[in-house]
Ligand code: F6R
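A single chain, nothing else alongside it, follows as structure tokens in the form predicted on its own.
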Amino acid sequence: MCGIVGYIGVKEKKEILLDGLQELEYRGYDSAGIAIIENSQLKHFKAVGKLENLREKTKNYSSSGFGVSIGHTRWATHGKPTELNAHPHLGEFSFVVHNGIIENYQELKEELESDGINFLSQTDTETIVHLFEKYYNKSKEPFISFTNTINRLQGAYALLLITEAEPDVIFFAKNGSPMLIGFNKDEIYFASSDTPIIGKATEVYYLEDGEYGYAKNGEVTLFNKNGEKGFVKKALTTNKAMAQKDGFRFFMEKEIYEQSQVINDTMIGRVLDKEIDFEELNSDFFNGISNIKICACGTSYHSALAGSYLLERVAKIPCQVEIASEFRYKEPLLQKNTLFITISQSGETADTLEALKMAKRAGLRSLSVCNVDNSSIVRESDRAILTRAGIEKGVASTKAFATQTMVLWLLTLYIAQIKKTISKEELDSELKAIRKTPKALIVTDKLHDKIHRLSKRYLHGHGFFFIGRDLFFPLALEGALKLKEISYLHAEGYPAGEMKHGPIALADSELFTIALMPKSLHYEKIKSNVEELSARDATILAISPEPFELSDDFIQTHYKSHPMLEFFEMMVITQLLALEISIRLGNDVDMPRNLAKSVTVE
């Protein structure tokens, strides 16, 4: 998601920051900014949009001599993409840049406002710099003030802070968001990934969660909860392309592995101790709503289908799901009591955008679930919930699907709370499952190695059936779509109970069946359906927590207490299977033929 750079030294700092931010463009951003202290004076520049806008703003500025500097590219999570919301954020005499989300920022903001502090932005980050200055004004000790500040922060953060109170120092802290320190003689660099400092630093240290400290006079002093600690520098890679991929072979592979982290970003500030909360919404927004219609395309359509099962089962509200490209031409009957939800990764999907405009003309209330703030669909909607997946470079969507589905799960519980269709005990159970989801998305070496070995047996044949029931039917559709997108093999998702109504005629040893067999939802039913296929000699790959004796191959899952935990764990397996089959076939996983990441035409 957002990107951070920092530099202490005598070189021209503006260009180091701008060049470093440019290397982070692949992560996605909607605004950018830099701050520099030279001769004990703070200077800063911000711009909305691409880095060219920031370069234009700084074209008449140059820095020389020793100084400290920080820069940031922002992907909006709290507040719109505006200059006021762009980083670095300013206090009276300090600047901060921050990646992540401060969960308790609202509590901190109220405390600071009661002290008479005025906030300029809508962001969670601004609380950090004001909190630091509050402590400094009491103690006059910059590092003690910084330590007290980070001890108050809850959530995920990688942050850099510079201050006129100690103008030759960069303070840093890391918890849950990546950050590293680069070294080259007396120069020190900071960045959220390797790429900004390749060719500049020669050695690197990757900060661990809970570490913090300061850089001064070419040296770094590091602390953790146990006090000051030593650290070992490593040689820095010289391959920028591999650095962007963090050592993964493809961006899609990296994004599959990232899902455990980005789902945390989706949840932060929304999953509270006893309830679900969306700062983007309030209960009044649902007044008079007795029906939901969701409109989407492709992968987003599959997340919508999964969401519809949850909304009807838990929130007890009728929910219809429409394919946007069909919805536009079916002369739909639109009633004012309907909430119209659109889902899009990019926010620019042409069919979905036009469907939204139709709903708006009909007077429907609208809500978008999207990954890109200030996109066309977000601007057109009455309200928007950001998925916070960060940029997704692989054309075949993975983490966007995971975060969309999580948002719909959270939204279901939010509506259920408002409509009182869920008991306290049921809500507690759902919250417990939600908190386990990041672990269900972790890719272990053992799992990936097994799928790699299995994949060589699934390169031929006359097609794939992905089958599932209930929530796992949309997942079957999505698993089949992932495979066909990047392997170019024919694959079809199907409701397991429907196989006997025609498709089972295709069953033979050359038909590969990927059976999604969750223990927590209709296990005996899906087991019976798979037995029917096995009796007709279909090749079965069973994915389940329970061993299935008739399967030719079996991947055992670990979660069986809640359908959504099984859903997310099986989702990762189907993504990895598509990836490994495609790699064995020699395909370009990230750029499959005939496809585009954002479909902006009909």
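Note that residue numbering follows the sequence shown and begins at 1. Values in this document were obtained by computation on a predicted structure and should not be read as measured data.
Another form exists, predicted in complex with this ligand; not displayed. Remarks below refer to it.
Not one of 260, 264 and 389 comes within 4.5 Å of this ligand in the model of the complex, counting any heavy atom.
With the partner omitted from this view, the residue of 487, 145, 299, 529 that lies near this ligand in the model of the complex is 299 [heavy atom within 4.5 Å]. Only one of 395, 204, 271, 156 lies close to this ligand in the model of the complex, with a heavy atom inside 4.5 Å, and it is 395. Among heavy atoms of residue 415, none comes within 4.5 Å of this ligand in the model of the complex. The closest non-hydrogen atom of residue 346 lies within 4.5 Å of this ligand in the model of the complex. When contacts are judged by a 4.5 Å heavy atom cut-off, residue 481 counts as touching this ligand in the model of the complex. Looking at residue 125, you'd find every heavy atom of it more than 4.5 angstroms from this ligand in the model of the complex. Annotated contact segment (heavy atom within 4.5 Å of this ligand in the model of the complex): 299-307, selected among 426-434, 487-495, 299-307, 272-280.
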